[in-house]
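In the block that follows, a single chain appears as structure tokens, in the form predicted alone.
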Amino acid sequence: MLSDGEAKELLSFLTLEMRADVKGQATGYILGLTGNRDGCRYLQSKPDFLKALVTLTRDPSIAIVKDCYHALVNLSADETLHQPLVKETDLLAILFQNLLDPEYMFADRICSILSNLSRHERTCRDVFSALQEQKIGLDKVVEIFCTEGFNKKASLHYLGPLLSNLTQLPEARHFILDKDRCVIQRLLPYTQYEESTTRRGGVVGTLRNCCFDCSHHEWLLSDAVDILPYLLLPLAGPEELSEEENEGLPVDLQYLPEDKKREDDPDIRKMLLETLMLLTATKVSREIMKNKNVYPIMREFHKWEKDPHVISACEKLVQVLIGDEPEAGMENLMEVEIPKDVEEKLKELDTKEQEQMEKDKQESEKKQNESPEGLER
């Protein structure tokens, strides 16, 4: 890495007043450092370089600003840089200020940085606090996210993962689940947003986080929100169900066309199943889901699914849907206390299941990669 003298000289080039060609070479060098772990860890102990990068996001040269944002995306991908970035610089204030500008051409980079910084709870709280301090609030982020074409120069898809990350905080979940704001209703259609897996996944992650609070389940499943069709449609296929089964389904899931396709991303499918599983926590919500005929959709989905992790999640949900009701006093599955020895046994079984699935997956991939001699292309 750089000696103290070299670092001092390089830092002197990273100012708004420096000649563009010199400054461009300096930011290019810093960008190169952020491309590997050692370089990122070196900059972790150099807050002056982090401040300089943030300052140069206001440079008149588009090329220099682009390099600075690229470097900040790389740095924010390293968790050890999160606190230095938010505590030693005014990064968050600048990011949110520029995010609000519908003409800002680097808004997608901003969304990526905010998404990275909010992955872990500690810095997620800093991001959420900055939202409040900048007098922007989560409502403005949701509004921008839900406004098609808000920024003609950026897709803003990574606001989805940002919302998902923020809802690990109770305060953010409280806002999303506020019955008077109708926020969650605005997000629901994005579970089937075909243009972006990132946006879809972010919204499904947000819904899953919001379903950890079982006190809202009955409301979520009611006509006021009607969350069920938005979770089930991405998992439903073109298979023919009996007339009786169709009639019992929510209207949006009845008599689906022959060309109906399921969600193609296995991680999103798994999150949808986990969200449905969370919604089975209470006796009332389980009865609603059984009455809405969730099981036939899951039955056909299980026949179609190939990913072992998703299959496992589906089977756990089906067991709850078709199994006997828990005995009195244990109706709320989130509040049941599991004896320590049983908990350890379940963890052990879960670990073995994960190992077996990984082994099966590797063997499957190995078979796919093996081609008969003479058939290589």
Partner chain sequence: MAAPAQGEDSDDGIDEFMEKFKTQKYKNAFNESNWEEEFDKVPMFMKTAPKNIDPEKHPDLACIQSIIHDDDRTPEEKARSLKDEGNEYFKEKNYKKAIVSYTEGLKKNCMDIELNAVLYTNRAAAHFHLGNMRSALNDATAAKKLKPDHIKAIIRGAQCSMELRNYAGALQWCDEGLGLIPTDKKLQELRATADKQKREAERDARKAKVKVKKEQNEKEALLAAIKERGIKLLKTKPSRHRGSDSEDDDGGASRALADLELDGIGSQEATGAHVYMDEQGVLHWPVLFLYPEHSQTDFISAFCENSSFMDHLAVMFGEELPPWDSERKYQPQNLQLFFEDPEKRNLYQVDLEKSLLNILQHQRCSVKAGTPSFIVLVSGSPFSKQFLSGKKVQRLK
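Here the structure is a predicted model, which is why all the values come from computation and not from measurement. Positions refer to the first chain, counted from 1.
Below: the form predicted together with its partner chain, not depicted.
*Asks:* With its partner chain left out here, work out from 179-187, 279-287, 84-92, 109-117 which stretch has heavy atoms within 4.5 Å of it in the model of the complex.
*Replies:* Heavy-atom contact with the partner occurs in 179-187.
*Asks:* So, in the model of the complex, is residue 170 in contact with its partner chain at a 4.5 angstroms heavy atom limit?
*Replies:* Answer no; every heavy atom of residue 170 is more than 4.5 Å from its partner chain in the model of the complex.
*Asks:* Although the partner isn't part of this model, could you tell me whether residue 252 comes within 4.5 Å of its partner chain in the model of the complex, counting any heavy atom of the residue?
*Replies:* Contact check for residue 252: yes, within 4.5 Å of its partner chain in the model of the complex.
*Asks:* Would residue 266 count as a contact of its partner chain in the model of the complex, using a 4.5 angstroms cut-off between non-hydrogen atoms?
*Replies:* Heavy-atom contact with its partner chain at 4.5 Å: absent for residue 266.
*Asks:* Any chance residue 256 has a heavy atom within 4.5 Å of its partner chain in the model of the complex?
*Replies:* The answer is yes: residue 256 has a heavy atom within 4.5 Å of its partner chain.
*Asks:* Heavy atom within 4.5 Å of its partner chain in the model of the complex: which of 229, 137, 102, 238?
*Replies:* None of the other options qualify; the answer is 229.
*Asks:* Identify, from the list 195, 121, 247, 133, the residue with a heavy atom within 4.5 Å of its partner chain in the model of the complex.
*Replies:* Of the candidates 195, 121, 247, 133, 247 is the one lying within 4.5 Å of its partner chain in the model of the complex.
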